[in-house]
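We begin with a single chain expressed as structure tokens, specifically the form predicted on its own.
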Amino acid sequence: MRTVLCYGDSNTHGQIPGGTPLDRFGLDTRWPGVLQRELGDGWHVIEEGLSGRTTVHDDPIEGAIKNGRTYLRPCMMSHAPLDVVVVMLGTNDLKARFGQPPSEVAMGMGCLIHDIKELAPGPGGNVPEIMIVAPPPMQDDIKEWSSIFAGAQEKSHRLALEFEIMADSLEVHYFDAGSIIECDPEDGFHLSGNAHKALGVSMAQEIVAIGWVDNG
């Protein structure tokens, strides 16, 4: 049995566009659930999504619990050994209150990758396979969220390139979710059920393509 940890924000939590964090797609609709179905019984997919989660920032309004770096290490220790860690974060770092350019958001992602490598929660205490997933760019119209995410739409279009550069420099896997899906126009930054399905299927293909040796 191989294990995948999907570590992300509301789009890993499965928040329905236009809804609240309590309005979630069903387990089988959320992309980690689709990933589980696609990978099959030989894999265990752990879904760890939190609405509002950032890469490395304590949120001055929503609280320190939104800091993705704080929870990543105990989360990995709870679920180790892990064969793959997939990290899809970055959208919440673009909130106006953080004032971060895309390059700084990518540096935050880099901190998480360093933490994963340092802890080495893979089988035998090795570093697991790591995949950075760039979230799809936000829509221009983000409804009532326009003041909270002021200026984020343009930044979100540059996030994929910065994440790809970071992934290359740290020698980890990379996937651009914006290459296959778009954010739902209902609120402009969450994923529809169809987008979850497409992302889960693509992530399964990416994980299988890593290449795995059967250790018997």
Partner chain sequence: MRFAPPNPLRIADRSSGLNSISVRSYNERLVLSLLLQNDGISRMEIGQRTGLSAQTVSVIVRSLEQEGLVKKGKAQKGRVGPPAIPLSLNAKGAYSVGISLGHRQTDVVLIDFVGAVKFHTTIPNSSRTEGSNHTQFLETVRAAIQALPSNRERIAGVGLAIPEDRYELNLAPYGAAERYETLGSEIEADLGVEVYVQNDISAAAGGESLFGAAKPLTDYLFCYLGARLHNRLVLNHQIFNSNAIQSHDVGLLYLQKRLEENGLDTSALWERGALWPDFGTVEADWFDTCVSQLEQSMTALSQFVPVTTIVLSSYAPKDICEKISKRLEDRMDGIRAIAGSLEVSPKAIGAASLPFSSKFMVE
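Computed from a prediction, not measured in an experiment: that's the story for all the values here. Residue numbers count along the first chain shown, from 1.
FYI, the form predicted in complex with its partner chain isn't displayed, but the following is about it.
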- Message: So if I measure heavy atom distances to its partner chain in the model of the complex, which of the stretches 21-29, 189-197, 5-13, 204-212 falls within 4.5 Å?
- Response: 204-212
- in the model of the complex, the one of L50, I46, A167, I181 near its partner chain [non-hydrogen atom within 4.5 angstroms]: A167
- Note on the structure: Picking from A120, M107, A96, M77, the single residue whose non-hydrogen atoms come within 4.5 angstroms of its partner chain in the model of the complex is M107
- Message: Contact with its partner chain in the model of the complex for P128, defined as at least one heavy atom pair within 4.5 Å: yes or no?
- Response: yes
- Message: Please determine whether I65 contacts its partner chain in the model of the complex, using a 4.5 Å cut-off between heavy atoms.
- Response: no
- Would R37 show up as a contact with its partner chain in the model of the complex if we use heavy atoms at 4.5 Å? no
- Query: Could you tell me if D141 has a non-hydrogen atom within 4.5 Å of its partner chain in the model of the complex?
  - Reply: no
- Message: Only counting heavy atoms and a 4.5 Å limit, does any residue of 169-186 reach its partner chain in the model of the complex, and if so which ones?
- Response: S169, E171, V172, H173, Y174
